[in-house]
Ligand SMILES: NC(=O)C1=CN([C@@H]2O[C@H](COP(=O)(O)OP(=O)(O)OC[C@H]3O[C@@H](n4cnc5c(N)ncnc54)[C@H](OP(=O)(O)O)[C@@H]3O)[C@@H](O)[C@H]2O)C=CC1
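Below you will find one chain, with nothing else, as structure tokens; this is the form predicted on its own, and questions on how it binds or moves follow later.
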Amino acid sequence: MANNSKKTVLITGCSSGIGLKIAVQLAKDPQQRYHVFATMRDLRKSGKLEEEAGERLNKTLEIRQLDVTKEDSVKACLAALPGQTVDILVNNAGVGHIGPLESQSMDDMRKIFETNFFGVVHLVREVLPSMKKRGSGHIVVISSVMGLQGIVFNDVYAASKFAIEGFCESLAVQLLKFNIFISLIEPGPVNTEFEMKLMEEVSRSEFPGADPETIRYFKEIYLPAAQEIFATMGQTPDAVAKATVKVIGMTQPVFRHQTNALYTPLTAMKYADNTGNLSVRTYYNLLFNYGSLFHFSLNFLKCITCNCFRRRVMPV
């Protein structure tokens, strides 16, 4: 059972990647401020989390089953918490897909929204009444820079992140009245198993329904560019988790936090021109017309961040 002096933290999507690292870092907090309930859809995948939690397992970290897309799973998980109370909710569970829009089924696209958008909305709705009653709470959402700037061939995933950004921004204003904070954590590329699985999936796909020219652009231009971006600008899950834990520890948490400073100029470009032409046409030209400039820019970033001396970790 959780110590009443500690804040109860519920985290989704903890079988690997960012969610796992956030759970472990909070559980190992030197000041022992948190009791973490790390959740995942499939408990058979809990081995890595158990190993990293070490002696904190079943002390400051407990593992629970939770499928954010299933109403009965959400209610059962929350009902089993000590006092049925959540002080800090970290929404990390997410799914994605990359590729030509024409090759994606409507069912697949709905599944992305069921997890990335409605899964978050459902959990937030469930924890809000008790947070409002206590007059305190913190809701953290692992979003993405793709919730600020759409990226080619990530259409539906970006749309789900845009949706959750709008939801949180709207809700944040009214919740301040109840001393409840919302924080959007916005990583850029992160080298996780999540990303690796996506790359492996698309490398095997034939993309039925898409025209040959689009498939050629995707495989010959987008995929190599994406791999280079991950190798150059990609963060580790540990780095994103550390940034998230820092926001969680704030007395008055910030609403938005981009974890990768290298992405700030790219997202700022969108707001520098209210017609949208600057960002859309710049990305188009860099990707399709000025490939050499694109590669030069990434090589420059490698050097100034010392990434040129590190082994690439993104799978080819």
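Bear in mind the structure is a predicted one, so any value in this text is a computation, not a measurement. From 1 onward, residues are counted along the sequence shown.
If you look for the form predicted in complex with this ligand, you will not find it shown, but the lines that follow are about it.
Proximity to this ligand in the predicted complex, taken as a non-hydrogen atom within 4.5 angstroms, holds for one residue of 26, 68, 53, 248, which is 68. For a residue to qualify, one of its non-hydrogen atoms must sit within 4.5 Å of this ligand in the predicted complex; none of 84, 125 and 127 qualifies. Among residues of the shown chain, residue 188 is one whose heavy atoms approach this ligand to within 4.5 Å in the predicted complex. Within 4.5 Å of any heavy atom of this ligand in the predicted complex lies no heavy atom of residue 33. By the criterion of a heavy atom within 4.5 Å, residue 18 is counted among the residues contacting this ligand in the predicted complex.
At least one heavy atom of residue 193 is located within 4.5 Å of this ligand in the predicted complex.
Contact with this ligand in the predicted complex, defined as any heavy atom within 4.5 Å, is confined among 205-213, 100-108, 174-182, 155-163 to 155-163. If you take 115-152 and check each residue for a heavy atom within 4.5 Å of this ligand in the predicted complex, you get 115, 142, 143, 144, in sequence order.
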